[in-house]
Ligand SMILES: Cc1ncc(COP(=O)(O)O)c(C=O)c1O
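Only one chain is given next, in structure tokens, and it is the form predicted on its own.
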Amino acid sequence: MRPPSYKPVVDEFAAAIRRGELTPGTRLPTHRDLARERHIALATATRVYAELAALGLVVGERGRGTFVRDQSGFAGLTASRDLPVPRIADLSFAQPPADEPPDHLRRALRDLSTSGDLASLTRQQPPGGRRHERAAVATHLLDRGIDTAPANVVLTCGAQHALDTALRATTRPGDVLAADALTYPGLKLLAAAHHLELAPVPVTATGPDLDALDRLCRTRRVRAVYTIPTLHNPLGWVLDRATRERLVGLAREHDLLIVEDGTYAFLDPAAPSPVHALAPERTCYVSSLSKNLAGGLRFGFAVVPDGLVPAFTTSLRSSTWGVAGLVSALATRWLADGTVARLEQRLRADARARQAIARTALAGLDTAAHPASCFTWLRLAPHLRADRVAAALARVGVLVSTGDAFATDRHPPQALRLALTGPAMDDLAPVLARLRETLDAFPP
């Protein structure tokens, strides 16, 4: 059987790219030019580039063309963290700064070791957590603007697990999940794992294009919408009250489930009420203590509508069952004794100080960030490509996240997300200066 007519052309381009004959950033012929040069149909030329894109060898940009991707592995959703030189800074991952010894951990472990209920921490916990621990989270959420019963709180192994549980409990393979055209990369991984169709909603400078979401829901059967209304990752916006109310109105009109991610909401206590407070009957609110306490703690939670609690419990029983007893005991102790609140206040001040440093270091560049966010979105100049910039930065010991990791549509922006909490405060300005020098070294 003869191979399809486009396969030899795909193989030829792939071999040239892998041999280095077509270098990263090379602009390939337009679809029409390729069709004319190779004497193939326009649809066949389009298929050639689609196959090369699926192989990760090229990327298409709306209005600009098709370009050879950098193959060093430092861009994309699962970027390499194995740097070719000693690491100077990790700007790819946002986590609480580790500048001070965790004295609260030493105290808590010492107190737990002398408690009379120590043996209970090694026993199997009920799926979703023990009632008094759910109650501690429910009390904590009152300061977030969420008033919920402990029975509606489900404890999980981090926000990613909470999001996974929400999708397991509420969607089926083939369902359409609406999400911002730029959004949290973990959602993309889960959508692929659960065989969900991610439908991108265009974004503006201040939030999602809700007119576009409305049009989408009128033409497709959308099951749910994922939203980060406070301290959006990666763009940093905070949706105003009117936008939140309109989102809720669209969800009710089109019978959408809302999955609200509040992971970074603690950084802006002055933000409007969560979407959950406006529509608790159809909103799953997910969050964790990963960004305000410790990334390795793996303690998260979901606030679930009444009718979905059994499905969430079943989903937990089929996966990890729940949070380890020692972890939930530590986390809820810190919620109750004010440790989390004190650390959040410190982290808000830390984030504002780091943003001030970034604004000075990156002045004149095209950036977007909330004043209290722990990351900055950097749009690159037209002659720069994110994959090549990420590779160049890796060669000087700096890790970054590229825009395609956050994109849910087929045309990722040439941009970087810079997590500002990785370096020590005193090192941040020199690291950003090194980044700027690397950008400036690219010829225009």
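We number the residues from 1 along the sequence you see. Model, not experiment: these values are computed from the prediction.
Only in words, not in the display: the form predicted in complex with this ligand, which the text now covers.
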Only one of T332, S373, S288, T165 has a non-hydrogen atom within 4.5 angstroms of this ligand in the model of the complex; which is it? S288
Let me know the one among V154, A159, A351, V323 whose heavy atoms come within 4.5 Å of this ligand in the model of the complex, would you? A159
In terms of non-hydrogen atoms within 4.5 angstroms, which of the given stretches 307 to 315, 259 to 267, 119 to 127, 172 to 180 touches this ligand in the model of the complex? 259 to 267
Look at the candidate spot formed by N292, R359 and W377 and say whether this ligand comes within 4.5 Å of a heavy atom in all three of them in the model of the complex. no
Find out whether any non-hydrogen atom of N233 is located within 4.5 angstroms of this ligand in the model of the complex, and reply yes or no. yes
This ligand contact in the model of the complex: W237, any heavy atom under 4.5 Å: no
Since only the chain is shown here, I'm wondering whether A369 would be in contact with this ligand in the model of the complex (any heavy atom pair within 4.5 Å). no
Given that this ligand is not shown alongside this chain, does R134 nevertheless sit within 4.5 Å of it in the model of the complex, heavy atom to heavy atom? no
Along 217 to 247, which positions have a non-hydrogen atom within 4.5 Å of this ligand in the model of the complex? Y226, I228, N233
